[in-house]
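Single chain ahead, by itself, as structure tokens, in the form predicted on its own.
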Amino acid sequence: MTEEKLILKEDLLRICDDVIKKGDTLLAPGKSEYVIVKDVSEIKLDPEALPTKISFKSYVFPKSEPVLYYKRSKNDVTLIDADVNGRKIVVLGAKPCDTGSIDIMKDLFNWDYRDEFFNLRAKHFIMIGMMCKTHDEYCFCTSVGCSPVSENGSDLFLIPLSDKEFALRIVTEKGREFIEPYFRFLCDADTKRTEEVLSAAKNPETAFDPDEVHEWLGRNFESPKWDGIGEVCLSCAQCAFACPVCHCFDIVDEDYSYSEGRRMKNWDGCQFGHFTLHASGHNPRDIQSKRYRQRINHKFRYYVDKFGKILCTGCGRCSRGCPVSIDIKEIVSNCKD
């Protein structure tokens, strides 16, 4: 059984202040994105807030990063390894639709090749999740195996009991190691009170059965439903960049001069027209309907087949931010005969 303690908000902020003073990175939700906290007065722990417009994904999987540097001489090339920032990052107040994102992505980054850039950063994350007390028409976490009270991906999990106190659940050994020096700030929790708060959580209505969606996608690769979506989509890839688990990237060599350069890993998106463009000029996904079909199949079929996990947390960011109001929940809900 998960160990549960009680912590006052003022003591939680003292711990956060200690993290900052040690020189570690403290992330917390801001108005539109996760921000690096420089002073605890900046922290706003609001379980009633909707998810930020973008997640903290870029801190574990940067938008752009060097893989290596190279120097050319007359007869050979010297390769220089890039330094990977493996400093501790503490994420405070992440919603359940964000906390599980690293565990979902790590399967891809440890599949046929172990990406030590991703792994080193992920290893140094401390995830302090928090119960979510709100949702809007775009939220569908309960349809993809998550919920407003899910502890998946959290090392420590906060349950707001009032404006001034939280129940604190110690979920992983990493979480215990982090909080152990601060046990003086903790006291025994009233688990009955906690369960009352959890049972009052506002769950989004289940919008679809992922198993039924998976089966339908396997039978409807050529469905005319994709054509209508493709006619609307702008291929801007806002959905991929805002998503906490989309992970497409490309690798390019950038020359500083004739003799020096670097190899870079950059975010990419399957909605871009050039994403599958071959050097020959052929593009197997030459129209937007094929590209959006790939996005849905990847999330709800291919990733499930490969890793047994849905590549979606139901946060609704892609739909909230779409400039042409494409709603992934509506699309997947209609993946039926």
Partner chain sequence: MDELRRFARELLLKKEVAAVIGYEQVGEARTRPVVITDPDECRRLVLNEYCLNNLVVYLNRARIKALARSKEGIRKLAVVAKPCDIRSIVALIQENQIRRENLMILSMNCHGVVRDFGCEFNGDNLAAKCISCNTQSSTYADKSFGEVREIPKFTGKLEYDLSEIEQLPPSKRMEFFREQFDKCIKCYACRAVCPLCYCQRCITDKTIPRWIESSSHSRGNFAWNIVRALHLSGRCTGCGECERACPMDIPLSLLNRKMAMKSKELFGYESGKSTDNPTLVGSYDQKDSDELFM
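Numbering follows the first chain given and starts at 1. If you're wondering where the values come from, they're calculated on a predicted model, not measured in any experiment.
What follows is about the form predicted in complex with the partner chain, which we do not show.
Here the marked residues Tyr138, Cys233 and Met264 all reach the partner chain in the predicted complex, each with a heavy atom within 4.5 angstroms. For Asp327, a non-hydrogen atom is located within 4.5 Å of the partner chain in the predicted complex, even though that partner is not displayed. Remark: Lys309 does not count among the residues lining the partner chain in the predicted complex, judged by a heavy atom distance of 4.5 Å or less. In the predicted complex, the partner chain sits within 4.5 Å of a heavy atom of Glu33. Contact check for His298: every heavy atom lies farther than 4.5 Å from the partner chain in the predicted complex. Checked against the partner chain in the predicted complex, the residues Thr194, Asn152, Ser147, Gln238 give one hit for a heavy atom within 4.5 Å, which is Gln238. Exactly one listed residue, out of Lys44, Lys63, His278, Lys38, brings a non-hydrogen atom to within 4.5 Å of the partner chain in the predicted complex: Lys63. Proximity to the partner chain in the predicted complex, taken as heavy atoms within 4.5 Å, picks out 250-258 from the listed stretches 85-93, 250-258, 183-191, 204-212.
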